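Next up is one chain by itself, shown in structure tokens, the form predicted alone.
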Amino acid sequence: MSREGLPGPDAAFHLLEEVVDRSPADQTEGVLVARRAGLTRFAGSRIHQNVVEEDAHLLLRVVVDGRVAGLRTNRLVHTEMNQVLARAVAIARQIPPDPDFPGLPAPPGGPLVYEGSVPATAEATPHRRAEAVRHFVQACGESPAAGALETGVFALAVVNSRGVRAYGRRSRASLVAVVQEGEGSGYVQAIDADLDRLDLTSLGALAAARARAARHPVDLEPGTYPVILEPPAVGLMLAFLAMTTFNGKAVLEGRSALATRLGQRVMDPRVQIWDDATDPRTIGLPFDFEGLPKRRLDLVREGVAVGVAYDSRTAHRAGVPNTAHALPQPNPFGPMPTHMLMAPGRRSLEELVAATERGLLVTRFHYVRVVHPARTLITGMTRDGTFLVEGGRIVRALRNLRFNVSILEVFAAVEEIGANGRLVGEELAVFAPPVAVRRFTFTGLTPF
């Protein structure tokens, strides 16, 4: 075991090989997922929770005469793992063959081992996180702050009976916080592999300044306006595209907008979107949950939809190469890009505002839900900083608005893409720049 409390590559391979080697199935895959996460929550500028969680579980997938079954356990002792293996094999013998499953993948090369864990993050103590929160809260001044600072390390190992051996470990530190000032609120979010690179003092000052600017909001008549979307708003739309549109299973089942539009222009020609777990602007592992090495996958090139994510099963069914985007198996979601980036432009957020005669500046979206996946139609509301821009400057804060938009139509109406992209998002982190859009339809006001 390593100093972070997670198994290293030797221990992980040994544990998985013991299970895979004694399996009576035609093919067997073992996946070990381990994580250690520390969480410090605060509200009213005071810490009220400071906890650490450690977890590790084993996912087994077995193949018997073309029948595929999977089970998992978090009891990593021989007797339990043997019983889970026996149950998985028994289940596989009772279910119909899967004609779309091509078998477990073979290794493209030798064992793959990756270390992306930063000690400052992986070994952060509750006291270290509390100190970081103190810097943030002090920078907020008298404005009450609430949020969470999370640090953690994640390890993934994959071994299968055809020779795949992959192990990777990476760390992640993230802050999500809201600062309140009367009716107004300011929002910040920051993600990095290295806790020491999060500038908590600057983030606190920024959130407090945004809250002060938003403290006397007024209503705005719903309608269609030009908008400037900050990275959290852009990133959330990209995350929804990852789940519903660039998902190979959704394409095969006709639920994706790209089921009939792959190869067509679906966005403004300046939009470039790709997935690359090895890009230093993201935090990822260089292989997927089937142990296959990842590489850059172009999704939208010059506004044209050119790529979709696949795993072994969906690639075989579609008759295309596997792009190595498997999630833990089995799962109902299918493969999807999990390290997306959108190419930034050259003008700063301030320059995008200065170039807007009349429009809205939107910090982020909240409570977003999919209405019609094949049309990329979503609904939600603005949150924590919505501002009216007139004559190239912010003139007043606005109360939150509800919206119904097609994500593809929003990206087809791009006015300009801003510079200074950054990693945003909670479950699915995306590298996103600010984007100015010519038209965005708000359907109503919200008191929330």
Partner chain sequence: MGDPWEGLAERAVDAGVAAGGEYVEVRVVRSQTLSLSVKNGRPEAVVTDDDEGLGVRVLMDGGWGFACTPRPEPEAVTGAALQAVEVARASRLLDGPAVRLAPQEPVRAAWANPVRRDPWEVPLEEMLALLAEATEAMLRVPGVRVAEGFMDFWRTAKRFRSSEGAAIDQLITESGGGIAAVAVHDGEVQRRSYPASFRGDFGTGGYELVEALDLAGHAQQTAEEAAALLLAPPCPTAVTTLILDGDQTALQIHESVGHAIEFDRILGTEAAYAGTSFITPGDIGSLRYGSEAMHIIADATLPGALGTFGFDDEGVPAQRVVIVECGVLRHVLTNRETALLLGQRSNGAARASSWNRIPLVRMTNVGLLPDSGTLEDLIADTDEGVLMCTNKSWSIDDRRLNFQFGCEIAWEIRRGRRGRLFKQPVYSGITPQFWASLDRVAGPAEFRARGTPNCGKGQPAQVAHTGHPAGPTRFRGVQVGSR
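Numbering follows the first chain given and starts at 1. A quick note: this is a predicted structure, and the numbers were derived from the prediction, not measured.
Another form, the form predicted in complex with the partner chain, is not on view; read the next lines as being about it.
Contact check for Arg169, Arg261 and Glu390: none of the three has a heavy atom within 4.5 Å of the partner chain in the predicted bound form. The closest non-hydrogen atom of Asn50 lies within 4.5 Å of the partner chain in the predicted bound form.
Although the partner is absent here, Gln272 lies well away from the partner chain in the predicted bound form, with no heavy atom inside 4.5 Å. In the predicted bound form, the partner chain sits within 4.5 Å of a heavy atom of Gly147.
Put simply, Arg296 is far from the partner chain in the predicted bound form: not one heavy atom of it is within 4.5 Å. Look at 83 to 91, 299 to 307, 227 to 235, 337 to 345: in the predicted bound form, residues with non-hydrogen atoms within 4.5 angstroms of the partner chain sit in 83 to 91. With the partner removed from view, the residue among Leu398, Ala412, Val33, Leu39 that has a non-hydrogen atom within 4.5 Å of the partner chain in the predicted bound form turns out to be Leu39. Put simply, of Pro96, Gly110, Pro280, Pro321 only one has a heavy atom within 4.5 Å of the partner chain in the predicted bound form, and it is Pro96. Looking at 374 to 389, the residues that come within 4.5 Å of the partner chain in the predicted bound form, counting any heavy atom, are Ala374, Arg375, Leu377, Thr379, Gly380, Met381, Arg383.
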